[in-house]
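Take a look at this single chain in structure tokens; it is the form predicted alone.
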Amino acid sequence: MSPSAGSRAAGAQRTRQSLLAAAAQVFVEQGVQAPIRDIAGRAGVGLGTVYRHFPSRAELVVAVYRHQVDECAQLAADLAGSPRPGEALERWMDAFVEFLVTKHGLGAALQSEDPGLQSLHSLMLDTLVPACASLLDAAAARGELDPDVTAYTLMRAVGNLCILGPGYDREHARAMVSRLLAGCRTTMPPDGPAAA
């Protein structure tokens, strides 16, 4: 590869990263249906540059969230093996809630009929459900969590609790998820029933 080709590739990568950062910020502020021109303006590029890197809105949405989904999955891996798996699950759920409540329009994108957005739904299921399951299994094995709680069901419930609206904000969602997790805990101490 010639030096000029290498610098062009590096420049294209920087532009792509700038677009992803700008899109992430605009999505937080306006939702995933924000005008592409707002993303281009935030990144300091023209519309053509956005479409050259991301030919469709769906591709841009998936690219923005892919990185954040991967970070959430990595956190689960980092928390695996914690001596307190119930607390590890709570920390991961805090991060998952933060991911959900800052993604205005993510729920609509996940339920969209747009075939380009179907990969986002698959990405979240294929990546985050196993990540959550590993933490749930560890907590259940230590007797800290009801073993009948499944990752998919818990994540759906958390997702529903994270739909913000008038009079229901991020802190309300966090409080309700905390209550949900409290309800998933076992009532028996981890060491078994107390001797009578």
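Each form is matched to the other, and the largest set of C-alpha atoms that superpose within 1.5 Å is called the rigid core. Position 1 is the first residue in the sequence shown; the rest follow in order. Since this is a predicted model, take the numbers as computed values, not measurements.
The discussion below concerns the form predicted together with the DNA, not included here.
Legend entry - Every residue of Ser82, Arg91 and Arg142 near the DNA in the predicted bound form, heavy atom within 4.5 Å: Not a single residue of the candidate spot has a heavy atom within 4.5 Å of the DNA in the predicted bound form.
Legend entry - Exercise: Ala133 in contact with the DNA in the predicted bound form, heavy atom 4.5 Å: Although the DNA is absent here, Ala133 would stay clear of it in the predicted bound form, with no heavy atoms inside 4.5 Å.
Inset, instruction - Could you confirm whether Gly31 comes within 4.5 Å of the DNA in the predicted bound form, counting heavy atoms only? - result: So Gly31 does not count as contacting the DNA.
Legend entry - Partner contact for Thr49 in the predicted bound form: the DNA, 4.5 angstroms, heavy atom: So Thr49 counts as contacting the DNA.
Legend entry - Partner contact for Ala12 in the predicted bound form: the DNA, 4.5 angstroms, heavy atom: Ala12: contacts the DNA in the predicted bound form.
Legend entry - Proximity to the DNA in the predicted bound form (heavy atom, within 4.5 Å), stretch among 134-142, 166-174, 150-158, 36-44: Answer to the contact question: 36-44.
Legend entry - Contacts with the DNA in the predicted bound form, stretch 57-79 (heavy atom within 4.5 Å): Contacting residue: only Arg57.
Inset, instruction - Superpose the two forms on their rigid core, then report whether the C-alpha of Pro130 is displaced by 2 angstroms or more between the shown form and the other one. - result: No, because once the rigid core is superposed, the C-alpha of Pro130 moves less than 2 Å between the shown form and the other one.
Inset, instruction - Using a superposition on the rigid core, decide whether the Cα position of Arg170 changes by 2 angstroms or more between the shown form and the other one. - result: No, Arg170 moves less than 2 Å.
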